[in-house]
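Just the one chain here, laid out as structure tokens, in the form predicted on its own.
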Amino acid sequence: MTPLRTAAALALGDDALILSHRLGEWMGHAPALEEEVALANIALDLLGQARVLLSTAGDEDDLAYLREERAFRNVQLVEQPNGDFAHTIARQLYFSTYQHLLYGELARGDSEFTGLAAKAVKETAYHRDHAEQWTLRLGDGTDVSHARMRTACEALWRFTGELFQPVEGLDVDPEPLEAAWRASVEAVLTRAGLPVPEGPRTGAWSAGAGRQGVHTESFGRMLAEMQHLHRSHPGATW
């Protein structure tokens, strides 16, 4: 694999790894048992994607547990704290729509990512549908659920522009991908009775920052928790 392909695998692998860990934090805390299982399944799908991608870039365990914060290349959206359930669903809506569209494009191509994408596009179709159904349910639910979902969509909107920054090594044009993403997300929000956020989706401080190794404050705390056991017992086997 060329250096550019390796960098792309690292970026996509980090996206999946970090979001998998965030979703895993819901175990024992989800609002219903069925939803706890659903979030666990999504997290496991993402972890499987991460393992395949990271293993093409190096040793998957070393990359997951021994890198410092600035060495991770995930977008800032996936590292955002779970917050309440509405925040988790808004994050899932934004990211799973992007990931499903991206893997659809990669599955139609002819690159080192084609095989993974052909499998992952089926998984991400479920992730996307799950997020869309919950967005509709919360947005068109009670006054409280509507307000929480609206707040979450507006709070996370500013992190979505980074999804469409070019990633070297990926044979995907980000402009039509972004147009398809916006059309899909806006349609779901409209059906849910939620306004499309009006704030900027990029900014000088955030555009492409995660891909460059610049992360938000909460990421450092999450990473310390994720890496603690491995770093405390280096070389241990089970």
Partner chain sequence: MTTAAAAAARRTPDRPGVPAGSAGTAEESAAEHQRHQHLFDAAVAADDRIEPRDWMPDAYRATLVRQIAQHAHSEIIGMQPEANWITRAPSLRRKAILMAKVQDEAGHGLYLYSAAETLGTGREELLDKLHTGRQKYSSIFNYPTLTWADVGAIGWLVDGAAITNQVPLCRCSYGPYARAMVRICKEESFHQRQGYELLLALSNGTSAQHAMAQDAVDRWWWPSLMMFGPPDDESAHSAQSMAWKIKRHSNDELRQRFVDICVPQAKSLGLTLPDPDLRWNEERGHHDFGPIDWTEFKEVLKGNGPCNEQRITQRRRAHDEGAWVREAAAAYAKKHTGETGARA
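Numbering follows the first chain given and starts at 1. These numbers were taken from a predicted model, which means no experiment stands behind them.
Here the subject shifts to the form predicted together with the partner chain, a form of this protein not shown in this document.
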ask   = Does R158 reach the partner chain in the model of the complex, with heavy atoms at most 4.5 Å apart?
value = no
ask   = Given that the partner is absent here, does M27 sit within 4.5 Å of the partner chain in the model of the complex, heavy atoms only?
value = yes
ask   = Is W134 a contact residue for the partner chain in the model of the complex, using a 4.5 Å heavy atom cut-off?
value = yes
request  = Would you please decide whether R182 lies within 4.5 angstroms of the partner chain in the model of the complex, comparing each non-hydrogen atom pair?
outcome  = no
inquiry  = Is the partner chain in the model of the complex close enough to S20, L47 and T142 that every residue in that trio has a heavy atom within 4.5 angstroms of it?
reply    = yes
key: Heavy atom contact within 4.5 Å of the partner chain in the model of the complex, the stretch among 142-150, 99-107, 116-124, 70-78   = 142-150
task = Using the arrangement in the model of the complex, list in sequence order the residues of 173-199 with any heavy atom within 4.5 angstroms of the partner chain.
result = R191
